[in-house]
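Take a look at this single chain, the form predicted alone, given in structure tokens.
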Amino acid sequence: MRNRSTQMVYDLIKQDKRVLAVTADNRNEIFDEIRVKYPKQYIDYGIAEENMIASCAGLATCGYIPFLYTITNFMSMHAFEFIRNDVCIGNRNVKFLGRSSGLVSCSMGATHQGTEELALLRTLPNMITITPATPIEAREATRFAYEHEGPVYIRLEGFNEPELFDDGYIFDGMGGVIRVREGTDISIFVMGSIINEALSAAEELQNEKGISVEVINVPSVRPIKYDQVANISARTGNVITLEEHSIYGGLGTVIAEILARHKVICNFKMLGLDCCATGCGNRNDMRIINHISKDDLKRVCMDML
């Protein structure tokens, strides 16, 4: 996912001198190549995220389009006030690529687990927040960010995620949700690569229990098409949200807000992290420990019915 996104930055740099590849001591192999071949369009600020963001806000006012690539927590939390004041309030054309989001770096403990940043960033003025589920969706979200005038945050969870879309996929910057599996009994709204847990659970529920579960990919929590979510939820009357993020302020909160505003009557359950994640280990084990695995989702579906 993060390689497809940063490769798109590289492709944009080749055709547009305004595009900058920016990092805070967290480049990958693609940014390394940019550093060598396009040194005038590459900046590494070192471990100084606040300086990086303040400087890029200034560069944006001069017509540049900086793409900031670094660890989500360090960028969104260390430098939150700079994102708010220098970028978002002034609607500066700065793009944030947050790597190691969710539980990707879970073996490094809570300091590196990016599990609350969407709750923070979606509250900011003018900020679009995107959580791709697959590498192609990450690539196309990055293309959209380039074309959009204003701040965009893209949550890049990891790498080598299974692909759900073909090469012609077009990212909907207006916040449309995508049904990736049909179903009639339960609607599961998912953001990010954990959608693969939902798809596995839905297939097993169909084969083992005859339960028909639809899976809805939510690539953007701001904006999001309220009417579309409300209509899907009303049709099945059973709604579950799944996210590798805190349930406080994340996808579950967004869907709950929509259901309340549209007065949708349904059964509703949020599956996600209770604030920070519990434990330390590999990603699959962490999903089990924190009750957001395929088997947890299956149990919630059966309880709901």
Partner chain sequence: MRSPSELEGIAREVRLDIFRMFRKSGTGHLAPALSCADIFTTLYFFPIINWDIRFSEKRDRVILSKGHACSALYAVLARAEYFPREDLLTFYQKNSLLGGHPNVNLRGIETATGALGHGICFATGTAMAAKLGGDSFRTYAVIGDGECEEGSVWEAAMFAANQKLDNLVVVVDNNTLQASDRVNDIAPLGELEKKWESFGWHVLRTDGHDFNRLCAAFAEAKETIEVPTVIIADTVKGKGLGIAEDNKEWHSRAPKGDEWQTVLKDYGIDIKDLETI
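Residue numbers count along the first chain shown, from 1. Being a predicted model, the structure only gives us computed values, none of them experimental.
There is another form of the same protein, the form predicted in complex with the partner chain; it is not shown, and what comes next is about it.
- Though the partner is left out of this view, E81 does reach within 4.5 Å of the partner chain in the predicted bound form, counting heavy atoms only.
- Taking non-hydrogen atoms only, Y45 approaches the partner chain to within 4.5 angstroms in the predicted bound form.
- In the predicted bound form, the partner chain sits within 4.5 Å of a heavy atom of D86.
- When the partner chain is considered in the predicted bound form, K263 lies well away from it, no heavy atom lying within 4.5 Å.
- For the options I30, M270, L259, L59, the residue carrying a heavy atom within 4.5 angstroms of the partner chain in the predicted bound form is L59.
- The partner is not drawn, yet in the predicted bound form one stretch among 246 to 254, 60 to 68, 273 to 281, 233 to 241 has residues with heavy atoms inside 4.5 Å of the partner chain: 60 to 68.
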